[in-house]
Each structure stands twice: as C-alpha cells, then as structure tokens.
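Encoded as structure tokens, the following chain is the form predicted on its own, with no partner shown.
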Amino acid sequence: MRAFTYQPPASRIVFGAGTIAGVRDEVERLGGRRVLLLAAASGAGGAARLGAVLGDLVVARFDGAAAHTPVEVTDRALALLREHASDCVVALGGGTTTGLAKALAVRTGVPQVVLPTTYAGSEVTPVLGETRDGRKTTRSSPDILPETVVYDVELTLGLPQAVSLTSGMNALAHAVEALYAPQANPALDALALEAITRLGRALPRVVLVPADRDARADVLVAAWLAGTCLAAAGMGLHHQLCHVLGGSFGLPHAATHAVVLPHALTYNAPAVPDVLARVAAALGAPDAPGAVFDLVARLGGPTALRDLGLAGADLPRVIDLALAAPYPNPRELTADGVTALLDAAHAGRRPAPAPA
C-alpha cells in the first residue's frame, strides 16, 4: 500500500484556440485595472495582439526577462511595477517570462494572468527558481502560483522547431520525475502517464510539421498535465542537475533538460525499474532512457552538454554543487554515480539498456 497526502494547486485554466481574445475579461475578473505587461521583444506580434486586447488596462510594459530569473532583473521590473502602481501582471512567453511574473507576484501579492507560448509548464506550479550570485535556488509558495493560465494553441504555431523539441522534453522531465517523487500518488501517476503518452505521440509531429494544430494542442495539454504533476510531486536529481547547470554555468534551461533526462533515468533505473517500465510503455519502446535519447537525436536536438557550452573542466564543480544539497531522489546520490552520469551526458553517449 502506498500512503500519500494530496492537495492539488488550483489555477483557473482557459484552453483553446483564439483564447487570447478573452484575456481582458480574465484580468477584470481578478480585479485588475492597471496591468504591467511582461512580453519578450522577440514576441512582438503576440504582444501587440495582447496589448490591443487589454487596451487601456496596460500602464507599463517590461521586455527584459532573463533566463533563470536573475534577481537584478526582477528588481528592475519591480521598480517599474511600483512606479506605475500596477495591480496585475500579465505575462506572455515561455518559462523565462513566467518566472519573472512569479517573482513579482511573490514580492507584491499582485495576481497573475499567464499566456504560455512554450511547453515549460511552470505556469501551473507554485515553484520559483531564482539566480543570485551565480547560484540558482528554488522555493515554493501558494503566492507564486498564477491565478489564471490562458492556453492559446495559436500562440505556439510560430515556435521554432528546435525550441518546440527542447521545451517538450522539459515537459517530459516534469512528468517522468513525478512518477518516482516522494509525493507521488495514483492521481499524479495517471496525469504523468497521459502527458508522457501525448508527448511521445505528438512531439515528433510538432517538430516535423510545425503548423499541425492538433499536434500542437496535444503537446500543450501534455505540458499542462506535466506541470501540474511537478507542482504537486516536486523534483529529483534530474531537475537538480538542470538547475545547477543553468544557474551556475548559464546553460539553456530546456536544452539542458533534453540532454540530461536519459542519463538521469539511467542513474535511477536500479531503484525504480517499475517506473521506467511504465515510461517505456507510454513511449511505445522497450527501454525508457534509450527511447528518450533516441527521440531527441532523431529530431535533431542536443544530446551532449559539451555542445551546450559546458567545459569538461567544469564537471567537478557541477558534481560538488549537486552533492552539496541533494533533492529527494529514489536512488542515493554518490560522487561516483553522479560523475558517471555527467560524463555520459557531457559526451552525448547513448545510455545502454538496463539489464533484464
């Protein structure tokens, strides 16, 4: 028997195509009258549409969100929010923009409306990762969770193929780690396996045929489900390594997930063989780590940390940081084990199948 306690986080979810048209209603529903709009300069088209929908509710715009949510960037956005007495934050973009919205909300209490344009999933989690002095730390609070998430499939149609792939792998990591997290339960298991199945089925179609709306919708649903799993179940070794590699060495978040995930699964395989068997079945493959690696490689994604800019000389420092404060994980972290994991990930070696 598996004992558990489950209190699901609650965001309002609006899902569909063209749902951006209802964002003003969602802001007003939360009592918002003075919106700080967060949108990257690269998303000018979507930002213009959103600005037109919000109209005179927008009192300021900030387009300087940065990966891994550096506190100095948050401070600049916070000054703008206070200068204009904003009472609501509306964020359009991927995990970087969502992270900034969360950082502002937890500091001020203003409500958030988030429109994801990638498959990061962080929009439905009460978790915030921030970088200060070259170290990334995470914290969790109900005040971090966005009040409303508006999923608009049309906003993902222009997502570059490479970003679609790595962002989808980020979502896959959320679902996989939820299956062996200490807070796992039957409800999360069902959500995670549904997310993995959808990603295995639809992510190749999204990468190869970017305009496939049905595939885009499938992956966006999977990202929502996977993020919901992450919110309730927490994170393990895989996410810890990605946070270290991103926060301390500047590696791109989603691409790092794509590289590290198969090797983190290989590391944990002896402790949770039943979980890896379920992941493999959901992906329609005999071996989960190999299936994840092959999916990325087949679609032209990154498979080696060295190709993301991590020097071999940095590996001992990565290992030290990972071992200093390990996340909950089904297999105990050892220096030799993490070294082997990172060596394989740095070189981009395909994981060997686990012994029967």
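One-based numbering along the sequence shown. As the structure is a prediction and not an experimental result, all values here were calculated from the model.
As for the form predicted together with a small molecule, it is not shown, yet the points below apply to it.
Undergrad: I have A120, K136 and N170 flagged as a candidate spot, so tell me whether each of them has a non-hydrogen atom within 4.5 Å of the small molecule in the model of the complex.
TA: Each of the three qualifies.
Undergrad: Given that the partner is absent here, does T148 sit within 4.5 Å of the small molecule in the model of the complex, heavy atoms only?
TA: No.
Undergrad: May I ask you to state whether L230 is within 4.5 Å of the small molecule in the model of the complex, using heavy atom distances?
TA: It does: once the small molecule is placed as it appears in the model of the complex, L230 has a heavy atom within 4.5 Å of it.
Undergrad: Just to confirm, T125 within 4.5 Å of the small molecule in the model of the complex by heavy atoms?
TA: It does: once the small molecule is placed as it appears in the model of the complex, T125 has a heavy atom within 4.5 Å of it.
Undergrad: Although the small molecule is absent from this view, report whether P204 comes within 4.5 Å of it in the model of the complex, heavy atoms only.
TA: Flag for P204 set to no.
Undergrad: Since the chain is shown here on its own, which stretch among 79-87, 128-136, 180-188, 260-268 would lie within 4.5 Å of the small molecule in the model of the complex, judged by heavy atoms?
TA: Residues of 128-136 come within 4.5 Å of the partner.
Undergrad: Of the residues A215, V110, V163, A280, which one places a heavy atom within 4.5 Å of the small molecule in the model of the complex?
TA: None of the other options qualify; the answer is V163.
Undergrad: Out of V73, L159, V106, V272, which one falls within 4.5 Å of the small molecule in the model of the complex, going by heavy atoms?
TA: Only one option qualifies, and that one is L159.
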